[in-house]
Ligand SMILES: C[S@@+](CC[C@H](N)C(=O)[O-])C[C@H]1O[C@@H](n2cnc3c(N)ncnc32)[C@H](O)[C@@H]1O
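What follows is one chain in structure tokens, specifically the form predicted alone.
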């Protein structure tokens, strides 16, 4: 059995990411976001998805007739995404860092999903992302995102190790939580078979939990009006929720 050294996030696991996330109800997320767009009276046929990953949501939006732009800094994830959307003329992929990016023209809707913003470990990084989003939106544009809460990272993920099987893929998830920094550190170990050989792939991930008040303050500093909701609802968010959705209006 062969093992590689621990890799940066979303490098070695990219070809297996969709199997690891096979439990996620992406169509439900898309339906919820489309409802927000309708309620916000934003007339837009272009959607930009930050940290688009392997592009499941891009594909779903494109199938609905939207023009979509996916932005991610992981070449490996974008390669998987490119294979998914090949042949669809209404998809553009950009390799860029969501902390500091620019678009060719302003758009009406930008999303950032599945706790991607938690990977920004400093206030300045999160603010940089919010400012870049604000600059990239039209004056009536909206930014829709989700984030794991401190409660989720500290009390649910905690200091635990567990195994999962997703579509036959064995993975081991080992978490440890720093209560001073509100940062969860995760080692993901995958047991895969490649070219007839058993291999162990490892990646190291970190997510930071932010108090809801800090998220709101940083959004306002970037120029947004904002509302935070319990995940996939329109109930005001609380620190006891596991995941919150944000709707920020320029």
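Residue numbers count along the first chain shown, from 1. None of these values were measured; they are calculated from a predicted model.
The same protein also exists as the form predicted in complex with this ligand; that form is not shown, yet it is the one meant from here on.
Distance criterion of 4.5 Å from any heavy atom to this ligand in the predicted complex singles out 98 from the list 98, 126, 91, 137.
Residue 51 belongs to the set of residues with a heavy atom inside 4.5 Å of this ligand in the predicted complex. Interface membership of residue 85, defined by any non-hydrogen atom within 4.5 Å of this ligand in the predicted complex, is ruled out.
Using a 4.5 angstroms limit between non-hydrogen atoms, residue 177 is distant from this ligand in the predicted complex. Taking non-hydrogen atoms only, residue 154 never approaches this ligand to within 4.5 angstroms in the predicted complex. The stretch in contact with this ligand in the predicted complex, judged by heavy atoms within 4.5 Å, is 69-77, chosen from 102-110, 162-170, 69-77, 137-145. In the predicted complex, the residues of 15-41 lying within 4.5 Å of this ligand by at least one heavy atom are, in order, 17, 26.
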